[in-house]
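In structure tokens, the next block holds one chain alone, the form predicted on its own.
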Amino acid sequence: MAICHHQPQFGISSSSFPFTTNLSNKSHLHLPSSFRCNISITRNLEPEPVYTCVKSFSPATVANLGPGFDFLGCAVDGIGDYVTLKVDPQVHPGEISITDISGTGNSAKKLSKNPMWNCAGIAAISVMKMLNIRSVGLSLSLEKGLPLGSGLGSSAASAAAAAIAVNEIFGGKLPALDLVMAGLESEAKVSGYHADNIAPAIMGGFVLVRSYDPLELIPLKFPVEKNLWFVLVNPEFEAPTKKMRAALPTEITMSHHIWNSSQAGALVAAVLQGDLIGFGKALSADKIVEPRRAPLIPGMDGVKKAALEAGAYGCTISGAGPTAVAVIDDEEKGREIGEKMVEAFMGEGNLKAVAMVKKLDRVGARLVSHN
């Protein structure tokens, strides 16, 4: 088990993080059995760009995973956001300009090109500050592969892709935890201070947020020999994270606290053991958040019932919703489950929906091209 530790009031040196920070080569990482990201001095040297243009990708994420509200999440393969970043002499040194936003749905119309009000821009600026970039201007284009307000970590994917792009164009100097902090700054301004999307978006796989002050992250290794498929069913319905968080209770009973704590513990154990049946049971067992959010998503209760009746090991709301996520160990069976869930969204909630069957993304945000 690995522990990332960060004290937000200090700077972090790359030497304090014991694994390589070149995330474009993360398939070659060998993590130690335990590590702690300790504090050192703030960087003062400004690195030179090693590329003139890079393109990065960040995967979608499923946050909460049922009982793990704000402290459990995982990355999903095959869908996400792209960022193209260029060294641009037309941009004032030390600044970044968002030149284009394109992609899924109405992203281009809804998202601001002002970097101070854009998830990708905020994260990019944060990384530039960490690297002390003052002599180079950058231009950024964002390609949204995730719909806004989908419950698939749309804002985190933009932030993670931007953070990775800035870091890599200057040689990959920053460790993963710094990039999570940059993305967390973006998330805090857009949807709330929670790392259960941005941490797996950057790091890949399953991630447990052990603590927020100081920030401590624990990667959870799901056995590579086990098959895990996520059935993601996204209805034509937008559920803004801030609105869905406002629906949550301010107080809970001791019995619900004990129940959810035990289910979260069971979920972590199931991930580490590759126990999909146990994972599904825990995923479906939230008694605090899901009961408040499900009524706000038309047909969600019926969708969950349909998934379980079709053979899913478990089903819950992905993040703040409205996407429903079910888990299974077979891709073809996952497609069948997805069809039943789509039917239930229409029948129970009068909502059109699209189903996808995706694997766990074990890599996280990465560079896909450079020149």
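Note that the structure is predicted; figures quoted are calculated from it, not measured. Numbers follow the displayed sequence, beginning with 1.
Although it is not shown, the form predicted in complex with a further copy of the same chain is what the next lines describe.
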Seminar exercise, completed: From G78, G265, P291, P93: within 4.5 Å of a further copy of the same chain in the model of the complex by heavy atoms is G265
Exercise. Pick from M181, M130, I122, V209: which residue has any heavy atom within 4.5 angstroms of a further copy of the same chain in the model of the complex?
Worked result: V209
Exercise. Should E225 be counted as a contact of a further copy of the same chain in the model of the complex, where contact means heavy atoms within 4.5 Å?
Worked result: no
Problem set entry | a further copy of the same chain contact in the model of the complex: A282, any heavy atom under 4.5 Å | yes
Problem set entry | Proximity of L220 to a further copy of the same chain in the model of the complex, heavy atoms at 4.5 Å | yes
Exercise. Does a further copy of the same chain get within 4.5 angstroms of any non-hydrogen atom of P249 in the model of the complex?
Worked result: yes
Exercise. So which of 78 to 86, 148 to 156, 267 to 275, 134 to 142 is the stretch with heavy atoms within 4.5 Å of a further copy of the same chain in the model of the complex?
Worked result: 267 to 275
For this session: Quick one: name the residues from 152 to 180 with any non-hydrogen atom within 4.5 angstroms of a further copy of the same chain in the model of the complex.
Result: none
